[in-house]
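For reference, the chain that follows is the form predicted alone, supplied as structure tokens.
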Amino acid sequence: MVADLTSRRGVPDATVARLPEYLRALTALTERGVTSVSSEELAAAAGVSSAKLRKDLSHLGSYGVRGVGYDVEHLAYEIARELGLTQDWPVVIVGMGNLGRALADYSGFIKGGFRVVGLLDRDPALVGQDIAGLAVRHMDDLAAVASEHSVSIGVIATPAASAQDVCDALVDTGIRAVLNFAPCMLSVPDGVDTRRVDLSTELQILAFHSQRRMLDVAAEGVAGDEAAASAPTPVGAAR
């Protein structure tokens, strides 16, 4: 949702995707007592080039001072404001399995400006349980929870088989932003924004890079052995 709104203001999607990393780096600097930072230092902390950082920030306004850099607190506020994090975002989580429980207890929601107001599940055995200070409610109560708390974002932490039905229910209550942890794609109407977090896919990508590094190391070893074997024997060396 945030990315879509920001993009309509002329900020590219790729820039929007990097803004949370800049905010994370700035927050870490603030916690260390750093008050100003150069574009090079901030770019290194965020894992991008300084040129890309400056271009990204140019879409938001001019906040740097030549020879001084960026005021850390001010830039953090401006990025948070651009992302919509200077206001409260009520969130519901659907699916109280292991992942849903972990998400409910995740302190990063509060720090990021998101307030979990509802935990829901269809399993009668889970309904009524206290998780992270909230009582789990039945999925049938979704509309009431969404209306009572003006819910902005729905989080799906269910198996893939039920994710689409859950998404449809969220949309029917008027929720227009969905974060999907289920390993499947969701079909949503125009005006609804979704983000998918697929942990297995991320692990597979890491496995690919790990395998490639192992193959590169093995290839270097073979090349080194071949070079040593083909090297001329020094005069006078024992044979």
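Residue numbers run from 1 along the displayed sequence. Remember, it's a predicted structure, so these values are computed and weren't measured experimentally.
A second form of this protein, the form predicted together with a further copy of the same chain, is not displayed here; the remarks below concern that form.
Visitor: Is it the case that residue 121, even though its partner is missing from this view, gets within 4.5 Å of a further copy of the same chain in the predicted complex, heavy atoms only?
Guide: Residue 121 lies outside the contact set for a further copy of the same chain.
Visitor: Evaluate residue 105 for contact with a further copy of the same chain in the predicted complex, applying a 4.5 angstroms cut-off between non-hydrogen atoms, and reply yes or no.
Guide: So residue 105 counts as contacting a further copy of the same chain.
Visitor: Do residue 210 and a further copy of the same chain come within 4.5 Å of each other in the predicted complex, heavy atoms counted?
Guide: Contact with a further copy of the same chain, yes.
Visitor: Given that the partner is absent here, does residue 147 sit within 4.5 Å of a further copy of the same chain in the predicted complex, heavy atoms only?
Guide: Flag for residue 147 set to no.
Visitor: Tell me which stretch of 162 to 170, 87 to 95, 69 to 77, 135 to 143 has a heavy atom within 4.5 angstroms of a further copy of the same chain in the predicted complex.
Guide: That would be 87 to 95.
Visitor: Considering only 117 to 137, what residues come within 4.5 Å of a further copy of the same chain in the predicted complex, judged by heavy atoms?
Guide: The stretch does not touch the partner at all.
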